[in-house]
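Take a look at this one chain, the form predicted alone, written out in structure tokens.
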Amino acid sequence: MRKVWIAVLAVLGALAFGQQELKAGWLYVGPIGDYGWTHAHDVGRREAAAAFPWLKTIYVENVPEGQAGSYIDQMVRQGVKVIFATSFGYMDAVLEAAKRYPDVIFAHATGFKRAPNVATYMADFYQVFYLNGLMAGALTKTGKVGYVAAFPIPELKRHINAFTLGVRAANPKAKVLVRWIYEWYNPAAAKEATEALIAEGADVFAFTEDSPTVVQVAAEKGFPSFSHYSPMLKFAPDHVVSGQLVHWGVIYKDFLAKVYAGLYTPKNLEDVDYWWLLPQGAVELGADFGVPINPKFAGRLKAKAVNHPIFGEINVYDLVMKLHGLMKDVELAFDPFQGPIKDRRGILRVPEGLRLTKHQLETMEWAVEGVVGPWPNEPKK
């Protein structure tokens, strides 16, 4: 249905603008060849460009977060009318540029600050991370799951927490060992962190770093891991279990079609905030597109049984698939952050019967029980 709606908007826009060209630009924090975050955004850009003949796109790679303003200036001088800023650290630069260019439309990925000509958008993984955590908890033999993390921002803390909740739902005594590398893309640092976690006893791996390095290093030792942003099954076909995959194109096509049709303007974006999850098709569970779980791990996951409060005695493979179906429901029949949930200091963060609000998810700083390692800005109460 969404594809039909986008097509209608595109036709309406073409009629209204007389096939006038719309030029959109993307600011990337890393290289498009990283096979992670930036690569996935660029796939979405190319999908939008292929879908709309009236759309012209440009992009800039490796834009330092502290220099985003000057790159925005260059894009505006090139006639760009819609700018997508694809890193959390671009937020303030986008807001400042929006004041300089009130007739330009901006959309900021992962941010939470908006303006009349600034929208925000996110294809979020917290649901998928929970499902991957269930599988990681079932597969660990040491009870130690390694997580190589980029920056300690709320987005990553939300994902690590959801992952840990899944790990402990399958294996209540397991722990998630976190290593921060303070880089979005640094294969050398990711390799060093993975090796350090292996030395600490971790035998299953997840990560937020924009390369397949963690997958490759884990595979060399025979350990399972999970894809991140882009499918990584081809890098370790015997060791990638599943992963969190993104479809930025569904957001870009929806947003640009509405701009072209005149529904989005530089004056009405202050309340436009895409928060698209499994139900909207913005994210996917999978080792590869269309492969929710690597068949090579089906036996091990089916051999691990848990006592679930809703489904009773059930193996982890079936539990993942059942919860996946519930989370794809637009009514969000199941949510990982449903209380009671305590943080690792023992403070009740989500009371029984309640779920975290979107704002609480976006501003999360605390760590759930089972997370081990440094946690900058961890609240004491």
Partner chain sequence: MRLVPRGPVGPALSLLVPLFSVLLAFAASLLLLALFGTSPREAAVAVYQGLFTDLRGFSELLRRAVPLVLAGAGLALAFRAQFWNIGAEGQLLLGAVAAAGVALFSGIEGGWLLPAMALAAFLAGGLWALLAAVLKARLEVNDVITTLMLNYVAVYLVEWLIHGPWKGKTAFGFAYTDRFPEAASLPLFPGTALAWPGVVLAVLLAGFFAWLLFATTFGFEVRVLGENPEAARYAGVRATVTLSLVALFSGGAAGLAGFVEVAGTHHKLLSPLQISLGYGYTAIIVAWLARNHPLLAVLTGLLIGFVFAAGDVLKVALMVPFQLVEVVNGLVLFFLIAGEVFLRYRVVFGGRRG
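Positions refer to the first chain, counted from 1. Everything quoted here is computed from the prediction, not taken from an experiment.
Keep in mind that the form predicted together with the partner chain is missing from the display, and what follows is about it.
By the criterion of a heavy atom within 4.5 Å, residue 65 is counted among the residues contacting the partner chain in the model of the complex.
Using a 4.5 angstroms threshold between heavy atoms, residue 362 counts as touching the partner chain in the model of the complex. Although the partner is absent here, residue 265 is not a contact residue: none of its heavy atoms lies within 4.5 angstroms of the partner chain in the model of the complex. Among heavy atoms of residue 78, some come within 4.5 Å of the partner chain in the model of the complex. Contact here is defined as any heavy atom lying within 4.5 Å of the partner chain in the model of the complex, and by that definition not a single one of 274, 337 and 351 is a contact residue.
Proximity to the partner chain in the model of the complex, taken as heavy atoms within 4.5 Å, picks out 181-189 from the listed stretches 297-305, 181-189, 115-123, 129-137. Think of it this way: in the model of the complex, the partner chain has a heavy atom of just one of 103, 270, 96, 238 within 4.5 Å, and the residue is 96. Contacts of stretch 79-97 with the partner chain in the model of the complex, defined by any heavy atom lying within 4.5 Å, are made by 88, 89, 92, 96, listed in sequence order.
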